[in-house]
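Listed next as structure tokens is one chain, alone, in the form predicted on its own.
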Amino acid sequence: MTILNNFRRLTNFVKPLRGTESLFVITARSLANGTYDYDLAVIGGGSGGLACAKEAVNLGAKVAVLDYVTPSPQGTKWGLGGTCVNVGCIPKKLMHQAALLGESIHEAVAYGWEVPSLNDVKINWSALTESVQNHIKSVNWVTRVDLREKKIEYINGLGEFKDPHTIIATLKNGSKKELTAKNILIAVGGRPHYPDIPGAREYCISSDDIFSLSHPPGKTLVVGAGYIGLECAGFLNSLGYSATVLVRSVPLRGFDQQMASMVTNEMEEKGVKFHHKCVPLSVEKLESGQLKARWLNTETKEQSEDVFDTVLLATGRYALTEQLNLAAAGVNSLSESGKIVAEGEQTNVGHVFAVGDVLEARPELTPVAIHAGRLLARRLFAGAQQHMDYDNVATTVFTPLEYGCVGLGEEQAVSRHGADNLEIYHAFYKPTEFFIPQRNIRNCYLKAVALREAPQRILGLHFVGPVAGEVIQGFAAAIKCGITMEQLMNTVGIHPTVAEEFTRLNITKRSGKDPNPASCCS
């Protein structure tokens, strides 16, 4: 059933929800032991916190969820659902899809479609952002109704600890509410980091702002080359807005660097400009309304500047732990970055837990937070023993040519096992869909990182190409099951697909043979 149909089905909830003041009322309901208002209080209404809350209620717990979004420096704010729904995965994927559709219109001509005038093909930014925001608002609404149906107390307030079992919620009108809980989950996530340079907060935007920007971004400087920066630069360029990226160290730090180079090579060939080993110095607003950005090359010490319509900062994220008054709860297991160190999601205070992006050294991925939250609820309220397995988590970077991976990158594998103990299988390939429009295939590449000793257990799989996320998801399950190269090579592929290229891998880097394909059907 679509979200729109959900709206129709749930219209009977509209009138009760209009009295939003009722959502802020915390009723002093007692547990069987008469000690706390709730079995579980969740601070943070993102994917991980909501997943834990809903699972806990299904298991009979009494639950409250506190959520409040502090506006970005540019004033952007959003509804319930956290980063993924509002300013992360969902709007990013929709913008990426818009970019792909634009490219497909041009490719359609080669397939025989009669397009009146390719010169007139352009994006309507306002229509795009309106459509994206309408979808997000529908998800916000359904999420609130879902909490109401499950009888989860939703408090639109900023939560902080008063003592180990008491939370103070500061509501939008400045009033405060107190509640107590036997168990407390910290799931506040993070927000974009702003570099300490003149003009950063005054004139720059971040991923918090780009998906609802009220005007076309125009010529854009993206500061940072992590996955957020590259994804934004990628879809902006494909939508017709010039994009330049400042790279401080390396693109996609933490990912396999050979694959990262394939991603950025493709972006450069599509028109994205990269300035390597560069850090921003200042952003100044000109009388024209444009922004003059200055940056430094850390190797040559040369300074450069250019004028842009938009400067988008993608220089990392920080955990929202400072606002929680953790000291009042006795939580002191913080890393230097302000993130929480919590083995098994449990902090140094036994009844205080954490999931999601707020955790130190854990993948900052929505499905990770969701699964960890559900497993935690089952341990707390159903006596389960299973813990979250943070190894071999698949992910995809939604750049113009997508990059999907699971397991170890080549550099990580060499560091852990030594180059002599590894075998790297690799290949370039030709997606069938690319032939007729004569699309560039130079960066369509995949590899398997395996142990050299038979049966050659696979440690990591990497794929750059179309629909990489769809390709890598199934192989993630195979990695979890301990798949070997022998098993992969004996798997019959589905033809013609790009996913089958994994089953055709047979050339190793060690052999020195040409990894380019000779034929698509033999």
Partner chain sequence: MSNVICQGLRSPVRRLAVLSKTKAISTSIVHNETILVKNNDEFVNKVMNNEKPVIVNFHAEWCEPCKILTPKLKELIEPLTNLDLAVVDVEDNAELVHAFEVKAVPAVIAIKNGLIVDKFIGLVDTDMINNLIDRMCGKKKAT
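Computed from a predicted structure; not experimentally measured. Numbering follows the first chain given and starts at 1.
Absent from the display: the form predicted in complex with the partner chain. The rest refers to it.
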### Partner contact for residue 134 in the model of the complex: the partner chain, 4.5 angstroms, heavy atom
yes
### Message
Please determine whether residue 130 contacts the partner chain in the model of the complex, using a 4.5 Å cut-off between heavy atoms.
### Response
yes
#### Entry: Contact of residue 145 with the partner chain in the model of the complex (heavy atom, 4.5 Å)
yes
### Message
Is residue 141 part of the interface with the partner chain in the model of the complex - any heavy atom within 4.5 Å?
### Response
yes
### Task
Could you tell me which stretch in 90-98, 334-342, 145-153, 435-443 has residues with non-hydrogen atoms within 4.5 Å of the partner chain in the model of the complex?
145-153
